[in-house]
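Shown below, as structure tokens, is a lone chain in the form predicted alone; questions about how it binds or moves come after it.
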Amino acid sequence: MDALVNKRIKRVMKGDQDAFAEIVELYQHQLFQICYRMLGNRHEAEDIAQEAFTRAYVNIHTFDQNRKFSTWLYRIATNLCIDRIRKKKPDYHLDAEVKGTEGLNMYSKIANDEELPEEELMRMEVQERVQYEISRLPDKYRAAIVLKYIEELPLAEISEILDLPLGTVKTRIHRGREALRKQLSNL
């Protein structure tokens, strides 16, 4: 896959915009998921993902083709998410009611025919609480936790995305886990 992406990047550097559209198609879902998990808001995640692609396109000449493109792209997105979080502390939550509905939130749109309504409600409450507690973590721990446990990226890639030594990433994941454990101790 990396070889295919690198071929497309070379085409982009020669001015082929269609090649970048193909790259966007390859990464748009995963990039949106990272942004959504970090920001907790669909619209902001879409905006940040789009901005990350725009910055990647504008700065494609700075990309080192000896590295993974996805890591570079995810790093751009993660930095943009952290910037957004720092600029605007959220005044909304995932458990906030969806406009135009009565009592529905984003988690209520999750369909699962196998669960009883009570079980689904309990699961949704736990998910909301965990997502809320993740959003309360300091930025440096939140980014590491989201990339490790939500996006399931390897530690080495997280290290590159966050531009931190591997030991620091491990420490932040450990401390983030401990902070979450304390926050969720009464769950």
Partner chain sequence: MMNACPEKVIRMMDDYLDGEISPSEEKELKDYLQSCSDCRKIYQELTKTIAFVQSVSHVQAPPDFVQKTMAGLPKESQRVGVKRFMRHHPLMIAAALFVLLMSAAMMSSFSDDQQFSFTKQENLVVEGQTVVVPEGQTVIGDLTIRNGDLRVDGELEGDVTIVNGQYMASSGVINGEIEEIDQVFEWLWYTIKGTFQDAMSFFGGDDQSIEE
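Numbering follows the first chain given and starts at 1. This is a predicted model, so every value here is computed, not measured.
Although not depicted, the form predicted in complex with the partner chain is the subject of the following passage.
Among heavy atoms of L162, none comes within 4.5 Å of the partner chain in the model of the complex. With a 4.5 Å cutoff on heavy atoms, A49 counts as touching the partner chain in the model of the complex. Although the partner is absent from this view, R67 stays clear of the partner chain in the model of the complex, with no non-hydrogen atom inside 4.5 angstroms. A residue is said to contact a partner when one of its heavy atoms sits within 4.5 Å of a partner heavy atom; F63 fails this definition for the partner chain in the model of the complex, lying far away. Using a 4.5 Å cut-off on any heavy atom, the residues of 124-158 that reach the partner chain in the model of the complex are, in sequence order, V126, Q127, V130, I134, I145, Y149, I150, E152, L155.
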